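In the structure tokens that follow, a single protein chain appears in two forms: structure 1, then structure 2.
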Structure 1
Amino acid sequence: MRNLPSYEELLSGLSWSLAERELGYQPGEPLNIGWMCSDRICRLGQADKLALIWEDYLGNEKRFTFDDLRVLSNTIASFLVELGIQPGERVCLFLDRVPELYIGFVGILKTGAVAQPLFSAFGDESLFVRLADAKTSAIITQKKHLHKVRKIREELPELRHIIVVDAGDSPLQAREVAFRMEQAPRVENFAVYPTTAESPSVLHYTSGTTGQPKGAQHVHYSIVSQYLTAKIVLDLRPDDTYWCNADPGWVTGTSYGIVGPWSNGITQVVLDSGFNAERWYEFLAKRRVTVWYSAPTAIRLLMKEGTDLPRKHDLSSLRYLASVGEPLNGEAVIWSEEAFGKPFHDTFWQTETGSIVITNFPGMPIKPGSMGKPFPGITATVLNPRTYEPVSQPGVAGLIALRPGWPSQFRYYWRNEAGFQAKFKNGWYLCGDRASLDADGYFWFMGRDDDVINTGGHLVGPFEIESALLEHPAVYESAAVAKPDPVNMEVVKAYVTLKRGYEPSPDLELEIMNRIRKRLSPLAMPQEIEFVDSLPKTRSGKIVRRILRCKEFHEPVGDLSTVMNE
């Protein structure tokens, strides 16, 4: 076992310029994430090393070396260029976790276009809102998701190309074009577009309390943070087999499911299949996974199955475990010690931060339940919510805040300057979360500072759900809030008032739920609908979700002076 540096040693030894040097990047020169993750690794003599081992739910397997990644991403890139895709245009990836998703991401970036990954589980409404907002030019998808695109494309005049990766003999319609990545003529050489540090790279949509989801725009320079944090925090080493079980529709699945590992030349494995404890343990054992990046909800699901199941599988290859997305409760850390002989290391970050900002490092003593300390190069603190000054005492709750300026910080919200400005106060970027700091400088997460619902690590905005609820003919008003849940931490609960002539009934409840599931996504679907006569509102008529949320969590509501009808 090698000696791991202490936190203090890390602090003094690490810098973003070190990452620039290791990546061979000179400030001012072209910088392209797609090239960095493929061509550069080949040039380092790793062309034949495996970049991706992919497996689907049936156990079918595909393997791609870094040279395959280089050539196939070239192939996709030149296909896009032939279609007329210009640098800066948004190209959406709307795919299950198939190889085209990972390799397509790299290919899009090579053309200088912006990759816009979206969950393939999204229904037509969720898809529409994000494509319309981004004025997306092309979408890469599968046959099975085509009906959702067809349903909305007439309202998306900017969407010029619908690229289907598995069209086969299926008849295609206007604007649709077939592309088979592995059957297309391989493109050995592609002139990678000379993007620079500040050129836009990835557009990730994330939910807030008000309005529709916001597009957090990242730039090619983000690779500097993603490379270094993947190497240091996830402790990636050349011989590792790495598994990040996040979907690239979520920022974790791109920053640490594509860019982090591949810019480090690491072999990664992907399982294109939903959660199943037995299957996951089998996969870990069969693939001899060494580093695993997961999420608390998945860990809680595994915990439900007990420690006998992991003991039936040879999990001795596992060396390092990390988690992101929600608070990792102390219990889960202790359980993982029991089940795997190793703790999960909590990492905290956001779509907007682009990379891990507060975390537990290998070699650092873990305090179960704490998120750890800032990554070297990140200045993080807890602010007094009234003065926006750092709180001086340990244990006092406040707002998690970061000093702007780290490489992978989002540069703006797409076409939403006001929303962007609102994230900064007194020279700090506000994460929208609350925490306290202890005397040793460890952060302890307390909760979000807004009405966003974190269900199984996925942020769902109340506005999106309420908008969809209001489209139902029976719904007069609605409020979507979080409700506690033993596995997903939170699930969506909707409070609904009905229009005259409609009566609450279990059938109506089911019908509304299903509608949300289909139009938005299974995650956004309310697990419960409570029909009420009225909703709590401020004097200016705004629905006060806080009151409903507190009811669900059995918490005191606090100051009600601005609320009218409670």
Structure 2
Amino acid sequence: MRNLPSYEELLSGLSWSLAERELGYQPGEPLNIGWMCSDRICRLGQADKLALIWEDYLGNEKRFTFDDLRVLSNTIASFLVELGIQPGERVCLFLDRVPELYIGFVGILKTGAVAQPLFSAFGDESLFVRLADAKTSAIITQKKHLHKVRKIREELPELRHIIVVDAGDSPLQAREVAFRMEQAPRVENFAVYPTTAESPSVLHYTSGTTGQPKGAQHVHYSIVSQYLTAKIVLDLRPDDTYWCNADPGWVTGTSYGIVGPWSNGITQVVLDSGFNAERWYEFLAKRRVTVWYSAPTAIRLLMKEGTDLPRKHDLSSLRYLASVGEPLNGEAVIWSEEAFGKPFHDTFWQTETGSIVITNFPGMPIKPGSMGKPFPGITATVLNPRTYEPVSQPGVAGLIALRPGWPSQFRYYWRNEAGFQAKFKNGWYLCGDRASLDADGYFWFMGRDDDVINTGGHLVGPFEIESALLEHPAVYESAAVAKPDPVNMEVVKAYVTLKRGYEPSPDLELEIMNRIRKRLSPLAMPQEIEFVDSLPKTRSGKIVRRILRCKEFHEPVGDLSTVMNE
């Protein structure tokens, strides 16, 4: 086992300029993410190395080398240019996790156009909102999703081309065109558009947990952050087999499901299948995955199945585990130690940050439940919510804030300047979350700023309450929200889903209350527990407490387009 650097050594040895040098990029030169992730890797002598091993729900597989990635992305790029797609135009990827999604992303960027990935599970209304806002010029999709596009296309005059990757003999309609990536003539050479560091690259729409979804515009320079954080935080090494189980409709699926691994020349695996614990463990074992990047929602689903199931599979290849999407409860860290013999490392970042900004590094002592420390090159703190000045006292909650200027920071919200400006105060970018710092410089998450509960003038974060609830053996998931109260203004109410084998009852509620009473202050104690079958979540797995809070306050919930269950 190699010796890992300490956090202090990382701080002194890492810089964005180091990433530029390793990528072979000189400031002022053209910079194109698509070229960097394919042609560049081939020029480094890794043309025959596997870039992607794809498997569907039936177990069928396809393999693509980095030279395949280079040539097939050229083929897609050439096809788009022949259609008349211009640099800067938005091209939407509306696909299941098929190879065309990953390779198409690279191809779009090679043309100088902007990739706009969207979840294929979106309905026609959710799709329409994002295509209309972005004034999207083309959409790449499958037959199974074509009916959604046809339903809205007449209301989208800017949408000139609907590209179907598996049309076969199906009849196509106006503006629709068939394209079979692996059957099309392979384009060996393509003149990659000379985008620069600040050229638009990816337009990611936020999950829309508050208000209408906003398009966060990223640029090609983001690769500098994504390359270095993937290498250091995810501990990617040349011989790794890497699995990021995030859909590229979510920023994790592009930053660390495409750009991060491929810019590092790493072989990645993709499973185009829904969640099934047995299937996932089989996949990890079969593909000999060494580094796995997952999400707390998925980890909790695995926890629900216990530790016996993973022990039935040979998971000895796993070397490093990391988590993203929402804070990782301490209970999940402890469980992963039991199940896999190693902990999940929590990472904190957002659509707007484009890359990991606060994290638990490999080799760094983990404090279960903590977010970790800032990535070198990121200046992070917590701010007083009234003065927007840094909080100096350990343990005092404030707003998580970052100094602007890191490479993958989003450059603006698409057609929403007011929303963009509202994210900055007193020279800081506001993440919209609350946390505290301890004496060792670790961040401790409290909750979304709009999720914090004000009870009797005291601010209570939902995360601490939910973590305490999860320690009870009957509790599968939980969400703590504010409930109106005539005396304290607000009190805490907890929504709880139970593990298999447990049934809701007044006795169980009392048992849970008694157990967490020892962990929580009187102010943080729930005044009520409501047992529910499921909690509302976005497609990226975040619990949408806003919906539950609005239910308590009898308020309208706003945009629900990315919510899986209400």
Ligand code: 6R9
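Definition used throughout: the rigid core is the maximal C-alpha set that superposes within 1.5 Å between two forms. The first residue in the sequence of structure 1 is number 1, and each one after it adds one. Computed from a prediction, not measured in an experiment: that's the story for all the values here.
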- request: Mark the structure, either 1 or 2, that is the form predicted alone.
  value: 2
message: Please identify the hinge among Ala178, Asp449, Glu29, Arg21, treating the change between structures 1 and 2 as motion between two rigid parts.
response: Asp449
query: Once the larger rigid part is superposed on C-alpha atoms, how many degrees is the smaller one rotated between structures 1 and 2?
result: 132
message: Given the rigid core as reference frame, how large is the C-alpha shift of Gly501 between structures 1 and 2? Answer in angstrom.
response: 41.7
